[in-house]
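Shown below, as structure tokens, is a lone chain in the form predicted on its own; questions about how it binds or moves come after it.
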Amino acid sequence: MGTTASQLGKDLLSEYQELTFLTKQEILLAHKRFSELLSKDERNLPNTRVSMERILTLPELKSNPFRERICHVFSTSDQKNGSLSFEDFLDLLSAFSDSATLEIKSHYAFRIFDFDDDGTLDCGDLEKLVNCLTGETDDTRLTTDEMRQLINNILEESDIDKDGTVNLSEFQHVISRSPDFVSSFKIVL
């Protein structure tokens, strides 16, 4: 799928539409927005990647507390630096689109919240998750006791097999009972 960022042929557009939850118009807009993040020289190179720093200048991600994790989860870079190719960018937008299924959205939410990438949400992941949601300022940071109590409550509610962690299937079970998850887990360009 190595196309230069300045062109997007009809066949490739159709292929992207088949492989994502995005419409042709959404793919073309994504292509335009991705290309705007590239320098003029980079636009003519095949398989160009945009650095995480430049991706995070997009207003749609700038205020998201999980913005860096989102880049890392969707990046296919060998350097593990959070940079995105156009295909990575489409995958990101597809997973966060209104048309993506609950299963897809919950899978990626789980991966984003799994800060240590070990396939489970343990106490460390849950603490980072809470800190991202509440902000890490002195005014909003929970005390050690409040954090411990909150994590215990989360595990009590979510950890079905009582192993001290939340796995993907347990997470998806909890998400399935949260009616506004699908509508809130989105990024629209």
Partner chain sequence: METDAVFFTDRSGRITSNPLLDQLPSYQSLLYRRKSSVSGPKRRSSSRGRLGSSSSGKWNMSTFTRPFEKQKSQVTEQQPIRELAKPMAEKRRDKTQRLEEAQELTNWRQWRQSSRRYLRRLRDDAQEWLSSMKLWRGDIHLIEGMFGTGILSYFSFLRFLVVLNLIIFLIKFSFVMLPIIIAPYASGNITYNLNDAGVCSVYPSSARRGLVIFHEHITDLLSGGGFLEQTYLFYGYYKVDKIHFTNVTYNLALAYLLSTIAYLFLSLIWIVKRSARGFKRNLVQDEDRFQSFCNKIFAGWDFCITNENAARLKRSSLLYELKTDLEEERIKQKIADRTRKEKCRIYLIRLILNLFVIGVLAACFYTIYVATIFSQEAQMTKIKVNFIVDLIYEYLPSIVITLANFITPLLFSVIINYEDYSPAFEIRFTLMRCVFMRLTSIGVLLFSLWSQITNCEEEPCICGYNHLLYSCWETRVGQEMYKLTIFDFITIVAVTIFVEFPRKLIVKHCDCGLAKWWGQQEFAIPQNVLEIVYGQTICWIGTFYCPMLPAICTIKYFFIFYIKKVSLINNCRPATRPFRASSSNFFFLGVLLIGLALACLPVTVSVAQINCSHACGPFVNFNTSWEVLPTTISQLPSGAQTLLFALSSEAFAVSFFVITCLAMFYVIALAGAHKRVINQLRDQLAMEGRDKRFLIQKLCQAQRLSPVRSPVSKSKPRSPSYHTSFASNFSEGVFLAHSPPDSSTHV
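Being a predicted model, the structure only gives us computed values, none of them experimental. Positions refer to the first chain, counted from 1.
This next part talks about the form predicted in complex with the partner chain, which is not shown.
Chemist: May I ask you to state whether K10 is within 4.5 Å of the partner chain in the predicted complex, using heavy atom distances?
Modeler: Looking in the predicted complex, residue contacts with the partner chain do not include K10, since no heavy atom lies within 4.5 Å.
Chemist: At the 4.5 Å heavy atom threshold, is I70 in contact with the partner chain in the predicted complex?
Modeler: The answer is yes: I70 has a heavy atom within 4.5 Å of the partner chain.
Chemist: Answer with yes or no whether E42 is in contact with the partner chain in the predicted complex, where contact means some heavy atom within 4.5 Å.
Modeler: Residue-level check for E42: no, no contact with the partner chain.
Chemist: Does the partner chain come within 4.5 Å of any heavy atom of D161 in the predicted complex?
Modeler: Residue-level check for D161: yes, a contact with the partner chain.
Chemist: Suppose contact means any heavy atom within 4.5 Å; which members of 112-131 contact the partner chain in the predicted complex?
Modeler: The stretch touches the partner through F113, D116, D117, D118, G119, T120, L121, L126, L129, V130.
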